[in-house]
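Next up: a single chain in structure tokens, the form predicted on its own.
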């Protein structure tokens, strides 16, 4: 059955190709049928594979090769693996994605046909990319899937392209995660150079023999890359803004894809982090910080989608905490249960919002219990599971497993457990605050009928998992190779009391809204919570400004930017004084005749940066490096000739960068050509 594994992502990939490239006008019904069918088929194909895995066929793990790339003495093999980790995560991703896409068929039916086709095409590619991450047995396929879900998240968050807020949110998510991705790529390349193989099992086998001074930077870079994708501190700022996309996008992105990718990567490389205890400690600290901070911020939110976004950060923080403490099986169990109740919360909130005039404000949901009772009770059960109400919800079992792992983690176990228990209490407070508001009576009880089987079936299935899924937590932990710790009686009782206290706190917050406003007012003035503002000002804003200045077609925009900054009294050299590129640009901009010379194309930097937003940054840095250092050590004719030869490469590089136009269709064309060349090369080198 393991041989079926490479075929699992294929339907989703075919759905993307058909919907995005087929030059035939399709009807609305056909588009929905293709999009939903392409998402359901992977779950059907994976079912027999999962059953064989549960029978013990994948306990030792199985690798299914796809193709080999022969590069002389080195052979890179692209393959997929079937083991307990890929079975748990793959089954969760396939099931949740199928239910969300079924729901999407009804939710997105009113969109214009071109947008509907684009939505399902990108959602199918999103699913295919995530399945590639989950099943990858080598870093090549892993990174391809990793970048695919990053691109798809950008396109889905910025789906409403006519809304500047949505486009800005998508751009923010792309920039932030791309910075983390660069760290991940550097870590994976260092790991490849140390292990001499692209296969993940070979890399992990080489870890014990690695130099500790090399191992720590590798683990640190990979951990930062994973934390960026999972929106953990300090990369957390992009996730709350990512709510600008449609509700099904949020449901899939927050439950089983994108943010979950970092958790899956940390679990997949758990032996690497076990060999670097200082990095594991850093991961654990960032996890508990995000779990507690996210829960605290969620309490004061007034928008249901932002509340659920901070909730995702907090719950992923619990998983990251367990991973940092060396309990990957516990983290995976919480991942599977969280995926079910978080997608349930998003989907049921979407129904209640639809029946409340389309507003996502929590106050607008008042009376939803009477307008959409099915959706309200589904949301209430999902909130109970998120809060971890004792015994009766699945979330309690998975969260208790995390708390038990924290308690038994060593001398820091008790302080970390107290923070985690406080975060659990706040979780119940913000979750039930919405339930109490939506369950109260409202003068406006009229609502048009909306929904149907396409909406109800996913809600019923996910509700069942959110309730009875807790019975499988112990089995999942054991199946993933972990052991479930058990707390002493006193912390068990305190852990069970925490969500109940949170429910009481939520009731008081609803009855006394002014107290909540005071808390929100105070939190906004706490310096620790200004991190997002500081992060934006010193990091994102500078990067966006630099890209804007450099990203112009003929240099006139750079001139206009410099002129505008001068009129505002901004010192251009000082604005970008921390990097060589900024100083180079600043020196030219500071010249009295800069504007007139640049308009005529006489300014070297402006000519150089024209037409490429980001890629030419490297060229400019290289030119500065050559001019400042290398040229001074080339006094003779031979050296100057050699430097001229090297400079020619820089010119060729500048011409080659013209391929980066920033258009998705151009990127798609180059990716297709590259894949075709790769396949031809692999076929030619492996054919006998």
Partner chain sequence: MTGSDLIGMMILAAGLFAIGLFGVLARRGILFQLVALEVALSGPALAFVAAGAYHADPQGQGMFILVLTLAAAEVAVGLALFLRIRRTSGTDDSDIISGMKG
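Residue numbers count along the first chain shown, from 1. Take the two forms, superpose them, and find the largest set of C-alpha atoms that agree within 1.5 Å; that set is the rigid core. The shown structure was predicted, so the numbers you read here are calculated from the model rather than taken from an experiment.
From this point on, the text means the form predicted in complex with its partner chain, which you will not see here.
Participant: Under a 4.5 Å heavy atom criterion, is residue 28 part of the interface with its partner chain in the predicted complex?
Facilitator: The answer is no: residue 28 has no heavy atom within 4.5 Å of its partner chain.
Participant: How about residue 650 - does it come within 4.5 Å of its partner chain in the predicted complex, if we only consider non-hydrogen atoms?
Facilitator: So residue 650 does not count as contacting its partner chain.
Participant: Would residue 669 count as a contact of its partner chain in the predicted complex, using a 4.5 angstroms cut-off between non-hydrogen atoms?
Facilitator: Close contact exists here: in the predicted complex, residue 669 approaches its partner chain to within 4.5 Å, heavy atoms only.
Participant: Is residue 662 close enough to touch its partner chain in the predicted complex, meaning at least one heavy atom pair within 4.5 Å?
Facilitator: Close contact exists here: in the predicted complex, residue 662 approaches its partner chain to within 4.5 Å, heavy atoms only.
Participant: Does residue 679 count as moved between the shown form and the other one, where moved means a C-alpha shift of 2 angstroms or more after fitting the rigid core?
Facilitator: Yes; residue 679 is a residue whose C-alpha shifts (by 2 Å or more) between the shown form and the other one when the cores are overlaid.
Participant: Using a rigid core superposition, assess whether residue 10 undergoes a CA shift of 2 Å or more between the shown form and the other one.
Facilitator: Stays below the 2 Å threshold, so no.
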